[in-house]
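In structure tokens, the next block holds one chain alone, the form predicted on its own.
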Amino acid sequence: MLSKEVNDLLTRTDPGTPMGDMFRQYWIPALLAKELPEDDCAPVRVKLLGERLIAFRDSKGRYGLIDEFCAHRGASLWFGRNEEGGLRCPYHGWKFDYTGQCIEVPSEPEESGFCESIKLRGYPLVKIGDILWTHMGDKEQRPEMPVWEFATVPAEQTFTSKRWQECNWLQAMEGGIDSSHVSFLHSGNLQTDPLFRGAGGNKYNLADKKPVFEVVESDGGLYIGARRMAEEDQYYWRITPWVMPSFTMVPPRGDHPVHGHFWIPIDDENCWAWSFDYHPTRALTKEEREALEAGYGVHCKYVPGTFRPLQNKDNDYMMDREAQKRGETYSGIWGIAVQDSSLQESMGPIADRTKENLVSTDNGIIMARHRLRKAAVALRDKGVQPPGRVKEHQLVRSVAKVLPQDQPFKEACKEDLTVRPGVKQTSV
């Protein structure tokens, strides 16, 4: 269990909080590129780390992420006119460029230079892959651009989605590094989901529901190894890399695309669950892409016109008790993504970790919390930059592999855990 003080430190991400300051040291996903599809398109509301912002794409294709509220009298710039190189507030015509700089105040003489003194808070917005990324911290400490493999392979090899999750980021992320629940919560999907079924490793997941966890530190975070019995004198290993603060990659299954997540705080009680699927060495097939777009794998179906899951707490996630009884789904809820989010949201907006009773399969969660707390305190007290910001920490892969019982996974899978261009994932 955690004390209330430590739980608050790990879960609160508004400006000025230790964890909020730490998230601001990273490039984080802000929008899907398709949300700003063309020059001078409609602006988009964005809320990240407790800050209300507006994203837009100007007449020259430059992306902007600025304070939502006009510097004049606070009207929302979501109502703004995106035209001629800037976003104009429709209330009194004040206009701002993609950096947040005021470039026109119609009521004031141009020669007064008044608008030059007005600047909204603004952050960079950069397209890498199919995501628009932002860095909300000190530009003097800005790291290199992200090099995650899923975002840098050719477009035909990758697919990304996001969904609104109605709980704190930490309990969502902790679900992503917990391999033990797969043998229960997702057990039905291993047989039926087109992005999971047919993999050789599925039989080990279903046969051995008592995985043993071995967790080792990496430069950027952790390698979380879950081993199950395989053939005689062998273990089936599923190894999840967790890179600080909130990147995880799920171990692969057969030749299916590899998937993973970022959990990015919207505010203390909501987060964006970003999910990706990609294949390192081939294009996604037509069937795979159709399954991804239909919400299979780690993705979901949406309420039309939104990024809220169609199955949500307002409709009890469309739970089917009869399907649960028949064993079609272990929880009675369709889809891996919503199976996870339903239980994570059921913990409340911010889980009360003072009431927990953790066991050995929670070792990855325990160590991740320790590293997060240690890094946030070091940044707050000593100005030490946290791990996970450099490309060497990001060039990681998840692994599924059968090994002799006497081989430690970290040594035996050293190459497998690293991105190797032109070499496919290590999978069973």
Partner chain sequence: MADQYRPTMLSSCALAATAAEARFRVQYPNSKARVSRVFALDQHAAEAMYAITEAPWNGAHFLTVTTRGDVVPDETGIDDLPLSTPDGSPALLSEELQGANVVILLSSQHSNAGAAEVIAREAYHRNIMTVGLTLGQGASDERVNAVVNTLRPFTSVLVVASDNDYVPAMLSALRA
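Values in this document were obtained by computation on a predicted structure and should not be read as measured data. Residue numbers count along the first chain shown, from 1.
In what follows, reference is made to the form predicted together with its partner chain, a form of this protein that is not presented.
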**Asked** For the spot marked by Gln311, Ser346 and His370, is every residue within 4.5 Å of its partner chain in the model of the complex through some heavy atom?
**Response** yes
**Request:** Look at the stretches 356-364, 389-397, 59-67, 29-37 and give the one with heavy atoms within 4.5 Å of its partner chain in the model of the complex.
**Result:** 356-364
**Distance check, Val215 to its partner chain in the model of the complex, heavy atom within 4.5 Å** = yes
**Request:** Would you check, heavy atoms only and a 4.5 Å threshold, whether Pro408 touches its partner chain in the model of the complex?
**Result:** yes
**Request:** May I ask you to state whether Trp334 is within 4.5 Å of its partner chain in the model of the complex, using heavy atom distances?
**Result:** yes
**Item:** Contact label in the model of the complex: Tyr123 to its partner chain, heavy atom within 4.5 Å
**Value:** no
**Message:** Under a 4.5 angstroms heavy atom criterion, identify the one residue in Met318, Val147, Ala283, Ala207 near its partner chain in the model of the complex.
**Reply:** Met318
**Complete:** Picking from Lys301, His135, Lys162, Lys95, the single residue whose non-hydrogen atoms come within 4.5 angstroms of its partner chain in the model of the complex is Lys301
